[in-house]
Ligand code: COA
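One chain follows as structure tokens, the form predicted alone.
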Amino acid sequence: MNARRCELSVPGSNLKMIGKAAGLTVDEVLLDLEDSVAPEGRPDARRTIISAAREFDWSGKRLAWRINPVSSPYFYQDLIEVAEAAGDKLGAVIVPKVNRPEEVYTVAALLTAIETAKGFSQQIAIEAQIESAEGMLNVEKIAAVAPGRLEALIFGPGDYAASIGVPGLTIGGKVEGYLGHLWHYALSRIIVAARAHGLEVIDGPYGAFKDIVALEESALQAKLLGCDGKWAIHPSQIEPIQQIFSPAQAEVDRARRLVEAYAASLTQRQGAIRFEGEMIDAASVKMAERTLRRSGAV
């Protein structure tokens, strides 16, 4: 699986922006039918996404589209119309505002039917957004649905803040007076649920796209908690996000030395050993191997 260090969100109604996104170096581009598209513009946006998926060159990146919530009147057309016409060109569908596991199951069942009917050779993955108090309450059950189809959980800080009553007007931003990391609990809970079922975790967007310093701080905090990547809402955010979520060469080199040193110690039937000024054991190897896997995915 390719890394999801950065997912760039592009309005599905804007063909010019979609064309520009096709030429960018980014892990995933998501063509949006939800918040960034006015309701009256969604039928045209579906057709734009279908054309863009089939006509532009998306080599080197995963192409996804975001539908409207399962509870909305736009859901079934967003999913079926686009998947039937361009599902063989789309790697994933992003399902927003997931509150219950049944919503993911519904999308998975429809995708299976579409793929079978159309004869697609590869299945379309699902990425589920956790954006409400109800979704957070059910996140463990959501993560367990559709194994092999559900690949990632995404945190939606804007809708989540509104759902639980957090003050503030910047999506993903800080709230003056709160001294810690505002999204520590939410991200940690999503991460634990995702990892228990082998899923990736993507942090949500940072709305103040011109404030690169604050974006980098937000991305670093998400990385340190265990996230695999972060959303971008502007091309200027791609490079700093992908750099932060890429293991540094020094980190990769040290991880490789650690694995080799521990493997050599096993021939002497040793357990914990000294390595470059610290004690390491089998848990250290697991940490190092994850770094090496991430460097390979990138």
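One rule holds for the numbers: they count along the sequence shown, beginning at 1. Predicted, not measured: the structure shown is a model, and the values here were computed from it.
The following text describes the form predicted together with ligand COA, which does not appear among the structures shown.
S.K.: Could you tell me which stretch in 250-258, 28-36, 269-277, 45-53 has residues with non-hydrogen atoms within 4.5 Å of ligand COA in the predicted bound form?
M.R.: In the other structure, the partner sits against 28-36.
S.K.: Is there a heavy atom of A288 no more than 4.5 Å from a heavy atom of ligand COA in the predicted bound form?
M.R.: Judged by the heavy-atom cut-off of 4.5 Å, A288 is well away from ligand COA in the predicted bound form.
S.K.: So, P205 and ligand COA: in the predicted bound form, are they within 4.5 Å at any heavy atom pair?
M.R.: Taking the distances in the predicted bound form, the answer for P205 is yes, it comes within 4.5 Å of ligand COA.
S.K.: Should K230 be classed as touching ligand COA in the predicted bound form when contacts are defined as heavy atoms within 4.5 Å?
M.R.: No, K230 is distant from the partner.
S.K.: Would you classify F209 as touching ligand COA in the predicted bound form, given a 4.5 Å non-hydrogen atom cut-off?
M.R.: F209: contacts ligand COA in the predicted bound form.
S.K.: Check each of G41, P69, P235, P240 and return the one that places a heavy atom within 4.5 angstroms of ligand COA in the predicted bound form.
M.R.: Only one listed residue qualifies here, and that residue is P235.
S.K.: Using the arrangement in the predicted bound form, list in sequence order the residues of 6-44 with any heavy atom within 4.5 angstroms of ligand COA.
M.R.: The stretch touches the partner through L8, S9, V10, P11, K16, M17, K20, A21, D32, S36.
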